[in-house]
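Take a look at this single chain, the form predicted alone, given in structure tokens.
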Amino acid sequence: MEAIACEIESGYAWSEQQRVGCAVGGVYTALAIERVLPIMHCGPGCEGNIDSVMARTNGGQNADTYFESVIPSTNFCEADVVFGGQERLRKLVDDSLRFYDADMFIIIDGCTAEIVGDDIEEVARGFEDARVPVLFASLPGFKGNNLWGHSQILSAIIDQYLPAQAGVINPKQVNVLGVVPFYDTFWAATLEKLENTLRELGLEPNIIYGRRHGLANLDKIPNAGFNLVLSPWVDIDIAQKLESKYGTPFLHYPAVPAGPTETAKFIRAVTEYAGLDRIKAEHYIREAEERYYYYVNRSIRWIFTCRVQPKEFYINSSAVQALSLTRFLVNDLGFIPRRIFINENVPEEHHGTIREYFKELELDDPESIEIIFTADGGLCDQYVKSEDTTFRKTVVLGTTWDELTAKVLRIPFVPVSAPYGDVIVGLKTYFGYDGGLALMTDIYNDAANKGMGTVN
């Protein structure tokens, strides 16, 4: 396709579209673990900038146990650039230990402190005898985005907090990796429902993020029978690190399953890998599928009699959402992918593997799917606007940035990735059987409301 120039139309202009944060966004991985408090050694605006992508405007999220407004910070300033801020950081850590009730502190630095050369490791080492662990993680934005920062936080916990050797191995315990808290808008509900599913199969899931998941769950990490990575590429490095340190094998399942086809495939993969009861697993699948199709059948007449039935789609999102939702839309709903845009700066060494994952689709020619890795979040909008969507019955799945394009073109839109929007996401998730129903209803409801170009 020929290059499409950015254009400005009446009432509509292209803008910079931030869809990932800088490395300091890893702070939210720390905040997602109960009673773990970061201490920030960076500029006063750093956390606020991340908050706008990963929390407040990403489904109305905020941190818990500690709100962002109470995170201790040195608020790195001009004087620190000249004289260094290491001593101020040391005092802040000392004060934080006295005044904050936390089970772990993680010192985090940003770009300026890193450039100046402040040694946060030396500061952390000075608190080795503190009442609670004090860790450190360097997160300068010039080294990577929030996904890199997420990996740095987990690596710091593994290297600095977890013991050198595992205790007694629990063959039923499975550590869950791959779901990035806060960046994945649906992370909390996804992990909660995933935990319930794994328990139904006979496993003991160990999830470190979210409600009632704190240091006790971190402490159990070395004792797992295996690790489960639910992502095309994120956290594979963490699983490999745990395998190297503790000998823990891992099952890599590249998609968060949505809908009956993928969820059944996932359950069977886990059952086979962990040596679980196959009869029990098949019974679970039959019961869940019967329930899923009951609710689908209750909507069939509405879907078939509705004059709005989108059949093609664009996705402009993270890699895991793009893969997970494409598999559901194609294999269960029979939609046809137009183009898939992955906008989270996936390292190039993973591109080929991710393209292969998209070939596992029930299409005559899955090789024909165009997968575009790009840092240009607005590229998808340009492609969509260049095509006549009046009769193509197209739906766009992306971020809140893409909603503007859908409104201008009056085509269906569903937010699926960060930033999700300045709304409350609550317990929403597209995981599993119920997740497939949720996505189906979101698509058709917005299609009906848009009227495919007849209603705003």
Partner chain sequence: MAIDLRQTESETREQRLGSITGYDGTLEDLTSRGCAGCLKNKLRDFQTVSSCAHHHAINQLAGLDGTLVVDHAPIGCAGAQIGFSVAKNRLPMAPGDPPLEHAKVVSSGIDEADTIFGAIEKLKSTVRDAYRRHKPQEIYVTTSCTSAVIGEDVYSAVLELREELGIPVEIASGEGLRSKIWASGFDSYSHAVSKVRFGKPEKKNNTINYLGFAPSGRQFVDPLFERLGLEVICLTAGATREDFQRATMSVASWGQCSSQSNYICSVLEQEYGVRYLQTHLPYGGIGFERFFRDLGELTGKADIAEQVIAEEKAKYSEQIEALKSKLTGKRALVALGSGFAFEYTRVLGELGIDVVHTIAYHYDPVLDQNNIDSDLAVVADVKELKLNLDVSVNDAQEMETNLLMKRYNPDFLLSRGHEAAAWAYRQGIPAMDSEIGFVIMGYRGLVEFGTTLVELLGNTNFVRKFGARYRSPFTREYENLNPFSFYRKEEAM
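Positions refer to the first chain, counted from 1. Computed from a predicted structure; not experimentally measured.
Omitted from view is the form predicted in complex with the partner chain, to which the following refers.
Residues within 4.5 angstroms of the partner chain in the predicted bound form, judged by any non-hydrogen atom, belong to 99 to 107 and to none of the other stretches in 99 to 107, 174 to 182, 275 to 283, 351 to 359. Think of it this way: in the predicted bound form, the partner chain has a heavy atom of just one of 220, 88, 213, 265 within 4.5 Å, and the residue is 88. Out of the listed residues 336, 81, 303, 269, 81 is the one that sits within 4.5 Å of the partner chain in the predicted bound form by at least one heavy atom. The candidate site formed by 47, 131 and 419 is fully in contact with the partner chain in the predicted bound form, as each residue has a non-hydrogen atom within 4.5 angstroms of it. Contact check for residue 328: no non-hydrogen atom falls within 4.5 Å of the partner chain in the predicted bound form. Contact check for residue 414: every heavy atom lies farther than 4.5 Å from the partner chain in the predicted bound form. Within this chain, residue 410 is remote from the site of the partner chain in the predicted bound form, having no heavy atom within 4.5 Å. Although the partner is absent here, residue 207 is not a contact residue: none of its heavy atoms lies within 4.5 angstroms of the partner chain in the predicted bound form.
If you take 44 to 80 and check each residue for a heavy atom within 4.5 Å of the partner chain in the predicted bound form, you get 44, 45, 47, 48, 49, 52, 53, 56, 57, 64, 65, 66, 67, 68, 69, 70, 71, 72, 73, 74, 75, 76, 77, 78, in sequence order.
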